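Just the one chain here, the form predicted on its own, laid out as C-alpha cells.
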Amino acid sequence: MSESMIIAETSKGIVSPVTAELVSAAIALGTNPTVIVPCTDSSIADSAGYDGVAKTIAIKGDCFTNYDASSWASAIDAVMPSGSIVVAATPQSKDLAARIAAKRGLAVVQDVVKIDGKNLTSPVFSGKAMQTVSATGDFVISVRANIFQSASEGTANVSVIDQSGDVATAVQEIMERASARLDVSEANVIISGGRGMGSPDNFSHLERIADVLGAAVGASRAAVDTWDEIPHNMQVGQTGKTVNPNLYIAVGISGAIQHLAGMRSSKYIVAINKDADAPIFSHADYGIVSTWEETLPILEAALSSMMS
C-alpha cells in the first residue's frame, strides 16, 4: 500500500476537526496515511490520533507561530517523508500544498469532492461542471470540508521533529487571522450577509442568529469590498472560501455567479432578499422575499424558541 501524508489543519493551537475528514479521504485513496502536524507546541499532536493512522509526526518550529507560505513549505518539505499529500481545501492549505508540490514535482488536484480509488472528482468552471482525473504515482490533493465522514479518534503515536531556528521566517509579525467565531470553511451551518445589509454594523443581527445556531458568519465579495470592517476571511465565493455546509442562509445577497461558485453545493440554501428577481432564488431551496429588517427578528425569535 502506498503512503500518504496528511498535513493537519490547525487553528489557535489545536488540531481542527476537518483533519479527521482528511484521514478518511486518504484511506479512500487506498493509502496508508501519516498525519503531519506543523506546530510550536508538539503536545497538540497528541490529539491527532485516528483509526487507520499508524504514525503522527509533529514538526515543531518557530516559523509556525504565524503563517508564512515560504517558510512553512520549506520547513515541512525538509522533513516530511515522501508520498501523496492530502490537505484541507482552505486558502492557506491550498497555498501550502501547491508550494510543496512545486518543490517535489508533484501534480495537484484542488477542491476534491469525490474519491474512487485513484479517480479524483473536483468542480471546474466556477462549479458549473465536474471533472474526474485519474492519478498515478504520488500527487497532492486538497479536499473540501464536510464531504467525507470523520475518522474515529484513536491513540496518536507521535514522533517530534524540532525545526526551530532551522528555517528563516519571511514574515515574523502579521495581522492575527483567526477569530473567536467558527471559520466558514469548517462550519455545517453558515449565515452570510451581502451589501443588501446596508451597513457593516447590521452584521450584528447575523451574529446573533449564528450564536443561536452555532453557525459561522460569512459575507459576499460585495460586502467585503464595500466595508473595511468586514474582513476577507469571511468572504464566501470564487475569490474567497468555498464552503459545503448542511445549511447556508444568504441574507441580502443577490447571487452573483462568483458567490454561487463558493456555496452552491450546500445541502440546503435559504435566501432572504427584498428583490424577488434576485438570481439567488433560482438556487435556493427556500426563499423569503422581504427585507432583512422584517425577517431577521422573526427568524431569531423562532430559532431561539426552537433551540431552547
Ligand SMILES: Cc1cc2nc3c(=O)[nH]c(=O)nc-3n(C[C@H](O)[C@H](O)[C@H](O)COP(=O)(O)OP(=O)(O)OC[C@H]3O[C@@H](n4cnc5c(N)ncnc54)[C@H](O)[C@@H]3O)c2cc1C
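Quick caveat: nothing in here was measured; it's all calculated off a predicted structure. Heads up: residue numbers just count along the shown sequence, starting at 1. Definition used throughout: the rigid core is the maximal C-alpha set that superposes within 1.5 Å between two forms.
Missing here is the form predicted together with this ligand; even so, the following discussion is about that form.
Asks: Considering non-hydrogen atoms and a 4.5 Å limit, which listed residue (267, 283, 274, 55) is close to this ligand in the predicted bound form?
Replies: Exactly one residue meets the criterion: 274.
Asks: Have a look at 33, 245, 61, 252 for me and say which one sits with a heavy atom within 4.5 Å of this ligand in the predicted bound form.
Replies: After the contact test, the surviving option is 252.
Asks: Examine residue 236 and determine whether its closest non-hydrogen atom to this ligand in the predicted bound form is within 4.5 angstroms.
Replies: Flag for residue 236 set to yes.
Asks: Within 4.5 Å, heavy atoms only: does residue 300 come near this ligand in the predicted bound form?
Replies: No, no contact at 4.5 Å.
Asks: In the predicted bound form, does residue 11 have a heavy atom within 4.5 Å of this ligand?
Replies: Residue-level check for residue 11: no, no contact with this ligand.
Asks: Do residue 278 and this ligand share at least one heavy atom pair within 4.5 Å in the predicted bound form?
Replies: It does: once this ligand is placed as it appears in the predicted bound form, residue 278 has a heavy atom within 4.5 Å of it.
Asks: Quick one: find which of 206 to 214, 133 to 141, 152 to 160, 188 to 196 has residues within 4.5 Å of this ligand in the predicted bound form by heavy atom distance.
Replies: Single hit among the candidates: 188 to 196.
Asks: If you look in the predicted bound form, which residues in 254 to 268 sit within 4.5 Å of this ligand (heavy atoms)?
Replies: If the 4.5 Å heavy-atom criterion is applied to this ligand in the predicted bound form, 254 to 268 yields 254, 255, 256, 258, 259.
Asks: Inspect the rigid-core superposition and answer whether the C-alpha of residue 26 shifts by 2 angstroms or more between the shown form and the other one.
Replies: Comparing forms between the shown form and the other one, the residue 26 CA shifts below 2 Å.
Asks: Does residue 52 move appreciably between the shown form and the other one, meaning a CA displacement of 2 Å or more on the superposed rigid core?
Replies: For residue 52, whose C-alpha is compared between the shown form and the other one after core superposition, the shift is less than 2 Å.
Asks: Determine whether the C-alpha of residue 11 shifts by 2 Å or more between the shown form and the other one once the rigid core is superposed.
Replies: No, because once the rigid core is superposed, the C-alpha of residue 11 moves less than 2 Å between the shown form and the other one.
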